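Take a look at this single chain, the form predicted on its own, given in structure tokens.
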Amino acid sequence: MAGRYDPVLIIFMGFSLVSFWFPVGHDGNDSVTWWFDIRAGALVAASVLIAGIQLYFRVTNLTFALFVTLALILGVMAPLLAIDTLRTDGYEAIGLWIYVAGLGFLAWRAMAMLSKAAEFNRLISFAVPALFGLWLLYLWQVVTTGFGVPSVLLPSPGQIGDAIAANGETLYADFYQTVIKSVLSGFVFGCGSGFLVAILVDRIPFMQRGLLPLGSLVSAVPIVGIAPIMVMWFGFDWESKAAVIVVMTFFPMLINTLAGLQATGKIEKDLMRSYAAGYWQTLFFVRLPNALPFIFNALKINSTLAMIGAIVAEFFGTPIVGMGFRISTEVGRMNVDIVWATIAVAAVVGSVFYGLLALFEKRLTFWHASYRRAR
């Protein structure tokens, strides 16, 4: 139950009804309201009607959550129709923006009801963050097109989508060069070597005094300082970018793995010692499992560092392919939509990479206290 009167839906309905009294655009020199385009007016009326039905019954089960979500879907189409058929001219279409502000409250109520209904439904639990992301993209689209923001300053999501569709082959070649060649190889070498050296340092404690201060020093070195050096050492192709990523990911993995190995309690070590277990048996059966949350933390941090390192390193020299090369060259040509398309591809790839690591972490560390508390 959202509350006896549900002020969120009341605010949405109030904003929507007020928007009918103000212009939502211009047809020639005449200001027009929602009813100029009967389709847009009907969509606004349908969203208000559904919100009113929910306000009357005040039921918060999954069926009514989907019902309110339907009202949101119908409601968001009305401003898009108005912007497509009318001249909105920013604040002169004040009725349009009042309604969009009211839609924010309807989106709030729809996501709140879906979140509550998603407790035992995994599909709906994925729909809530997807709906939130789509809402942000919608606001981006409406604001940039409604206010006529120049695409050089900020292209709309629709223009970015068109750029992705028109340059799919080029974007795939950039993805292959940056992600498959540079990021994955640098990530594997950097994290793998950091993990192995952490085992060595744990076995030979005096190395901690020499390596850990060096790790702090290298972590403070800016990437723009080492990237040109790596290009001179390893050439313009993917090897120099992988080398930058190795430098960036090595010490986070080393330090986190060491912290994880040291997290094993004295009781567990004494228990293994009572079983006559050696160093390696204690390491594989007790200390490394205990260190897994720390190791996955380093992997997740390094997944984002690797993407950033590869793209920035490509600014300092690369073959005529790669995400960093594409961004630097297309900015100079004022093809900002292609720049944003490249950024969108990088963001999606980085999110998927991070999400896969988080999924593996959940599968392998289900026994950890943080996941037990979550259940």
Partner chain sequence: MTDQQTGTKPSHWGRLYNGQILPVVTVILAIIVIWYAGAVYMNSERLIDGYERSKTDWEFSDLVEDSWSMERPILPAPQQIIEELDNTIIDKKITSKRSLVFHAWITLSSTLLGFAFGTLLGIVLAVGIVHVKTLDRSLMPWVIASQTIPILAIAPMIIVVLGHLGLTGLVPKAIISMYLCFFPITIGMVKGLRSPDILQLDLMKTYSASNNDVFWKLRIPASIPYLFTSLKVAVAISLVGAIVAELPTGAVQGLGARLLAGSYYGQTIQIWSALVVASVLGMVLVWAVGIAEKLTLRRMGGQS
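Here, rigid core means the biggest group of C-alpha atoms that superpose within 1.5 Å across both forms. Positions refer to the first chain, counted from 1. Owing to the predicted nature of the structure, the values given are computational and were not obtained by experimental measurement.
From this point on, the text means the form predicted together with the partner chain, which you will not see here.
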**Message:** Since only the chain is shown here, I'm wondering whether Ala346 would be in contact with the partner chain in the predicted complex (any heavy atom pair within 4.5 Å).
**Reply:** yes
**Item:** Distance check, Gly158 to the partner chain in the predicted complex, heavy atom within 4.5 Å
**Value:** no
**Asked** Though only this chain appears here, would Gly225 touch the partner chain in the predicted complex if you measure heavy atom gaps against 4.5 Å?
**Response** yes
**Asked** Can any non-hydrogen atom of Gly52 be found within 4.5 angstroms of the partner chain in the predicted complex?
**Response** no
**Asked** Only one of 73 to 81, 187 to 195, 255 to 263, 300 to 308 gets a heavy atom within 4.5 Å of the partner chain in the predicted complex; which is it?
**Response** 300 to 308
**Message:** Only one of Val247, Ile94, Val128, Ile199 gets a heavy atom within 4.5 Å of the partner chain in the predicted complex. Which one?
**Reply:** Val128
**Request:** Go through Gly168, Gly148, Gly278, Gly133 and name the one with a heavy atom inside 4.5 Å of the partner chain in the predicted complex.
**Result:** Gly133
**Asked** Mind checking whether each of Val152, Ala220 and Ile327 has a heavy atom within 4.5 Å of the partner chain in the predicted complex?
**Response** yes
**Prompt:** Can you name the residues of 348 to 367 that have a heavy atom within 4.5 Å of the partner chain in the predicted complex?
**Reply:** Gly350, Ser351, Tyr354
**Request:** For Val247, decide whether the Cα shift between this form and the one not shown is 2 Å or greater, given a superposition on the rigid core.
**Result:** no
**Request:** Could you check whether the CA atom of Pro222 moves 2 Å or more between this form and the one not shown, using the rigid core for the fit?
**Result:** yes
**Residue shift check between this form and the one not shown, rigid core fit, Ala163 Cα at least 2 Å** = no
**Message:** in the predicted complex, the Cα separation between Val224 and Phe353 changes by 3 Å or more relative to the shown form; did it shrink or grow?
**Reply:** closer
**Prompt:** Any idea whether Leu299 and Val224 get closer or farther by CA distance in the predicted complex, knowing it moves 3 angstroms or more?
**Reply:** closer
